[in-house]
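Okay, so here's just one chain, in structure tokens, the form predicted alone.
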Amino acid sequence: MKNTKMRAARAAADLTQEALAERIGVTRQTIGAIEKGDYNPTIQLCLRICKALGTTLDDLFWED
């Protein structure tokens, strides 16, 4: 399942996939794979993404 919430939050923070990846210590490909739904990140990675984007786990990763 695509993670459109994460993509929207990243865009709202005016960050490219590469910029977000650099902030949290992963590759751009990892960010792309998470957004496309091809990779299920660990809880630790989810928390780093949330902190970098100033949002919560529920906001980015909870299914509606």
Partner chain sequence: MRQTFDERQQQLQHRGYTVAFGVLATSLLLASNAELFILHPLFATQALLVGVPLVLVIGGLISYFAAVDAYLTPQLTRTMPMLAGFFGLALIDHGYEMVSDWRQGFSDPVWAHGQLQQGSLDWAVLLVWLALTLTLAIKCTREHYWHRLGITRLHWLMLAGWGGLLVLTLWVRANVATVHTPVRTTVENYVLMILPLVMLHQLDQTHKRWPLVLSWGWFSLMAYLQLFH
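This one's a predicted model, so the numbers in the text were calculated from it and none came from an experiment. Positions refer to the first chain, counted from 1.
Beyond what is shown, the protein has a form predicted in complex with its partner chain; the following relates to that form.
Triple contact flag 4, 8 and 14 to its partner chain in the model of the complex, non-hydrogen atom at 4.5 angstroms: Judged in the model of the complex, none of 4, 8 and 14 sits within 4.5 Å of its partner chain.
Partner proximity in the model of the complex: residue 25 to its partner chain, non-hydrogen atom cutoff 4.5 Å: Output for residue 25 is yes: heavy atoms within 4.5 Å of its partner chain.
Its partner chain contact at residue 45 in the model of the complex, heavy atom, 4.5 Å: Answer yes; at least one heavy atom of residue 45 falls within 4.5 Å of its partner chain in the model of the complex.
Stretch 29-46: residues contacting its partner chain in the model of the complex, 4.5 Å heavy atom cut-off: Residues within 4.5 Å: 29, 30, 33, 39, 41, 42, 45.
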